[in-house]
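Below you will find one chain, with nothing else, as structure tokens; this is the form predicted on its own, and questions on how it binds or moves follow later.
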Amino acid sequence: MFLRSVVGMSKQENILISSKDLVQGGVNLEKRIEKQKRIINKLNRRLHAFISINEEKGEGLSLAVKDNICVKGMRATSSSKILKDYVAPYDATVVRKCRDLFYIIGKTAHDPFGAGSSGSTSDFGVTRNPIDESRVPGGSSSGNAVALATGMCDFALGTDTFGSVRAPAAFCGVVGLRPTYGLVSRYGLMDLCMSLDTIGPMARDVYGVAYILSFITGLDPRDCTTVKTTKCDYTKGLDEPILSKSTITIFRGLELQAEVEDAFEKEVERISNLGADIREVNFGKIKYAVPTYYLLMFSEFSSAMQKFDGVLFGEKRAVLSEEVKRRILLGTYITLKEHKDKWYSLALNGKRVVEKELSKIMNKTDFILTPTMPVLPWKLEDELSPVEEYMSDICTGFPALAGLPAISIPVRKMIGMQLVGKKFQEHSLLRAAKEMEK
């Protein structure tokens, strides 16, 4: 009900219908897109979910695409003014795979180049949480989450490096999936940290995420990290119960805000009552995931940004955001020859430690359950230090370092739960998430 009040619609307009109802037909998609564009015109100046809107007429299920993913003929700014006039000359692989069935309604805002956890720092305007506009929407795939929550689109494609799909999904009350690394092609994505970046689906419910994932997976000769997998319809068997036959591991030792901790404990009790076997372990060495990630990401990001030098790409006189500059400078420092063994090699070692620890856990469990974010979305005017913002990734980060799939499901207003599964076992993960969603 709170989403309906955000959009200012009556119950009869019913723009926020379930993904399953949309997919099964019976909806006039052309009129629906017109209605969604009216909502965009009404809300976007205030919420800044979209950077570019598709002005061409079209029919299909509407798909929003994060603005660091290339869509041929549309701007690809990566939410930074240094690319404000760049138009993508080709489609990213995921976009090409969605072209026949989906209407790309627009390109969405995010923290510039994916560098941020708040989701509010786009160069094209402050993106606001639609549930409470005084708060951040979560980053970096914030525009997608805001657009989904307010009925501006039906589905969305975001990117997740260390939580960038799951964090805004939790804060804005939608669903976001980080697939197993290598399941979905990254061709046509502007990198933040190429060894961890994934493209992931977002929707208002688990069915919608499963539906989109069914189209975008598979081996891509243009992305050497992709893995050959059997084509799968992830919506099949989605309603089959799985939790009563599952072992679920939870971590003790996480520092959580009181509201988040209360929601988490109640969720653990609920899934235990559904028959899940709950196993508790200490967070232990997994706490090193955050510092490990940021050292690796700074290094890879500073390298990836070298092409935006104003010669081939990028405006010469445009100004980079403070966080982007911070990450470039730190990455350059870390990768200097005299510092390589002190910082970068240490981070690679830390990644192996976290992977080994998670491998031990996953050998004895089916899923890991954590809150998606350890805190509620903070106020826009609150000035979090960079370290405080980085530490908000404590729960979403560790699956990324190990290449594991993870999904965020809303359980309370602005609070989501994260379920982590085994590599390439998205179907089981989605079944568990669907049962939790009920």
Partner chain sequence: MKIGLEVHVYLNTKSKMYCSCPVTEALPNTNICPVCTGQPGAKPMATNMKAVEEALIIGKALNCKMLDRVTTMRKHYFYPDLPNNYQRTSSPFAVGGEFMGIRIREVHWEEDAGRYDPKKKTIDLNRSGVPLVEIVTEPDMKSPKQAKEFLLELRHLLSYLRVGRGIFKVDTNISLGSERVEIKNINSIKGVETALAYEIKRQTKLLNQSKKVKRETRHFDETTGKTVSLREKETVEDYRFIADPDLPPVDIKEIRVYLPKPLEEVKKNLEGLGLKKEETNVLTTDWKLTELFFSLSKKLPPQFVANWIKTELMGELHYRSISFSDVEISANGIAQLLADMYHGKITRAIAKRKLRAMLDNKQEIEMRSISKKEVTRVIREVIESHPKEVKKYLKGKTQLLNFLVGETLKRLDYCVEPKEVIVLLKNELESYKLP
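Residue numbers count along the first chain shown, from 1. What you are looking at is a predicted structure, and each value in this text was computed from that prediction instead of being measured.
In what follows, reference is made to the form predicted together with the partner chain, a form of this protein that is not presented.
Within 4.5 Å, heavy atoms only: does residue 194 come near the partner chain in the model of the complex? Residue 194: contacts the partner chain in the model of the complex.
Using heavy atoms and a 4.5 Å limit, would one call residue 99 a contact residue for the partner chain in the model of the complex? Answer no; every heavy atom of residue 99 is more than 4.5 Å from the partner chain in the model of the complex.
Could you confirm whether residue 344 comes within 4.5 Å of the partner chain in the model of the complex, counting heavy atoms only? Yes - in the model of the complex, heavy atoms of residue 344 and the partner chain come within 4.5 Å of each other.
Taking heavy atoms only, is residue 70 within 4.5 angstroms of the partner chain in the model of the complex? Residue 70: yes, in contact with the partner chain in the model of the complex.
Have a look at 231, 307, 236, 228 for me and say which one sits with a heavy atom within 4.5 Å of the partner chain in the model of the complex. Of 231, 307, 236, 228, the residue with a heavy atom within 4.5 Å of the partner chain in the model of the complex is 307.
Just to confirm, with a 4.5 Å cut-off on non-hydrogen atoms, which of 257, 214, 272, 302 contacts the partner chain in the model of the complex? So the residue touching the partner chain in the model of the complex, by this definition, is 302.
Out of 103 to 111, 274 to 282, 216 to 224, 239 to 247, where are the residues with a heavy atom within 4.5 Å of the partner chain in the model of the complex? Heavy atoms within 4.5 Å of the partner chain in the model of the complex occur in 216 to 224.
Which residues from 321 to 341 come close to the partner chain in the model of the complex, meaning a heavy atom within 4.5 Å? Residues within 4.5 Å: 332, 335, 336, 337, 340.
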